[in-house]
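Single chain ahead, by itself, as structure tokens, in the form predicted on its own.
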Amino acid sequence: MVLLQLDPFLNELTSMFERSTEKGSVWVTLKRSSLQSKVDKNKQKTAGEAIEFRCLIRATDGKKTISTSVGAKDHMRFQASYATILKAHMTSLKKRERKEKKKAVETDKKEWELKKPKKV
């Protein structure tokens, strides 16, 4: 896994989306992280220092995995760029096929009424 800066990460994420347009998927995960070991965190807690948490973002297309770390200062700029990339590449999604519930329920009712014996 390669830890990239913000702009190279966004560029590589764009190319991942473009490669997977016809076939494939891209998985993006976000996780809160301090990028420190547990020992270092415990030392900071006992010393009373505040731990700066960052957002660890990973993306993979099954073949290549990239990641970046976003701090509190850069998260608004990153979020805007990430949203733009997602909006641009949502065109290759397939429309979900749904069965209409209302029609299915009505046909079931009609079939049931035909089978039901009539009272005189």
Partner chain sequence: MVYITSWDEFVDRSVQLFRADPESTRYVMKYRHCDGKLVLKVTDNREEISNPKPHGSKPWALANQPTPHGYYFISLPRFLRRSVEADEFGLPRIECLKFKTDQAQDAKKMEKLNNVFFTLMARGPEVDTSEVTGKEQTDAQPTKKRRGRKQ
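Residue numbers count along the first chain shown, from 1. What you see is a predicted model, and the numbers here were worked out from it, not measured in a lab.
Keep in mind the form predicted in complex with the partner chain is missing from the figure; the text below concerns it.
When contacts are defined as a non-hydrogen atom within 4.5 Å, none of Glu12, Ala50 and Ile66 contacts the partner chain in the model of the complex. Among residues of the shown chain, Thr91 is one whose heavy atoms approach the partner chain to within 4.5 Å in the model of the complex. Although the partner is absent here, Val26 sits close enough that one of its heavy atoms falls within 4.5 Å of the partner chain in the model of the complex. Not displayed here, the partner chain is approached by Leu30 to within 4.5 Å at the level of heavy atoms in the model of the complex. Put simply, Leu35 is far from the partner chain in the model of the complex: not one heavy atom of it is within 4.5 Å. Residues Val70, Gly71, Ala72, His75, Met76, Phe78, Gln79, Tyr82, Ala83, Leu86, Lys87 are the ones in 69-87 with at least one heavy atom within 4.5 Å of the partner chain in the model of the complex, listed in sequence order.
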